[in-house]
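Heads up, the chain below is alone and in the form predicted on its own; it's given as structure tokens.
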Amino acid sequence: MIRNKKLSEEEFFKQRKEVLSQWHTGKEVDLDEAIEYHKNLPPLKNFANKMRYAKEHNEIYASTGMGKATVEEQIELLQYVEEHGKADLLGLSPDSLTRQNDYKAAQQGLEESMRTGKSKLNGLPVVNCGVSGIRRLVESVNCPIQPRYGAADARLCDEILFAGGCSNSSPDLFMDFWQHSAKVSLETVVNTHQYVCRLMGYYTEHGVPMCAGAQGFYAAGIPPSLQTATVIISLLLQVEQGVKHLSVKCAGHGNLVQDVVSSKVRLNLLQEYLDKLGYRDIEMFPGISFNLMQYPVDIGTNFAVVFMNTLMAKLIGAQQNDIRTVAEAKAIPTKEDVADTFRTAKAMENFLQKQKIEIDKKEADIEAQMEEKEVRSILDKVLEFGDGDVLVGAAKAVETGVLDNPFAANRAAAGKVLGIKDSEGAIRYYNTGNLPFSKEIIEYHKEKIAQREKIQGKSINYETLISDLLAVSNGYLV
């Protein structure tokens, strides 16, 4: 049953017995001992503390995924990137078998990797490595280690990551519902994510701040208001379970006015709905990623994407600069590739840190007014559907297409909404599907698209959509 209600301790601990019994390393998890372990770590190894430090000191920290098949290889990678990449945060990517809860197959991959000396998995088999393995990672470096992955059911994986000393996760309801499985139900993902968030809330309530994040879904080519609505719903699930520290992620598309406005609208409306629904004392840390359908193969364009990502982070006041490596499109990045990318981002951050850079205020005000109207239209309809319960309403909204995703893997998505770039590279609604928009909103987007058609001298069509999705990877915004 879907409802946005905090799990009782009885419900939570009953479910924990089942979760920890899924693989033998679950026996290593001792919640009381894990809380004490966290309290004895250096304060800036805690993710929320590190984000707060960044906010107070006007710093931006680059982050990206990093995953190897064995603890030894992962340690080598993390230590190299920390030293040679001047990293402030270090990523940890679980392998895809772990994300699918196939721990037996992950064990086979781990054993083969150890036998051959070559990684046979596309990330770290966290559950198979157990709490002791994760603690070896945490104790081998100075930076916080940030798990970076999505899964329909991350309960056991996150139990082990948290007990191992990690203090961040992204139980992102709509990312994990829409993007990672064709058939998983929304109810299933709600239930597993409420568990993870309740676990994070439990740590927080016992003196270990845990930071949860949400991005909404892969947003290339999708107007930001739809993503903002889904992010706010995901974060409302998190805070209901006791999470107090939020990483509020924004997907940039390259038009700096829209990207800056979207981040600010997201933070402002999140605070508005937190207040409206009675949630207090919530700490928010903005972050951004340059959202691309395809990463550039050309090395020069790749570096330019890192530059743009960092500029976006500066303009929105982000603490986290979510980048991809300069070798992302060619192969699994080497430790040298990752370190080169981090140094590039660090240099750009240093160049920008003391400078004041602003976008056009008049354009930003118009953009903000429209995005706020769009987001409120969606969220207020969701709350109306659910009679005040945002998750009950979200289930109905998915059924009716009021919440939609044109590129979802999950068949439950209506898939009717489509975005297209305007003449300046901002994403507009080409098709609003079943979104509950007013005539004013629909006409605003039509006008923006018409301006592009007039400039280019031809009508927007399907080929334009494909061209827009691939433009940045070819070195263009439009």
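Nothing here was measured: the structure is a model prediction, and the numbers come from that model. The first residue of the shown sequence is 1; numbering continues from there.
Form predicted together with another copy of the chain: not shown, discussed below.
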Stretch in contact, per heavy atom within 4.5 angstroms of another copy of the chain in the model of the complex, of 188-196, 341-349, 244-252, 158-166: 341-349
Proximity of M284 to another copy of the chain in the model of the complex, heavy atoms at 4.5 Å: no
Contact test in the model of the complex: V239 vs another copy of the chain, heavy atoms, 4.5 Å: no
Heavy atom of D275 within 4.5 Å of another copy of the chain in the model of the complex: no
is_contact(T301, another copy of the chain) in the model of the complex, heavy atom dist at most 4.5 Å: yes
Contact test, all of L270, D380 and F437, partner another copy of the chain in the model of the complex, heavy atom 4.5 Å: no
Position in contact with another copy of the chain when the complex is considered in the model of the complex, options I366, I359, I75, M114, heavy atoms within 4.5 Å: I359
Single option in V398, V138, V257, L391 placed near another copy of the chain in the model of the complex, where near means a heavy atom within 4.5 Å: V257
Residues of stretch 422-451 in contact with another copy of the chain in the model of the complex (4.5 Å, non-hydrogen atom): S423, E424
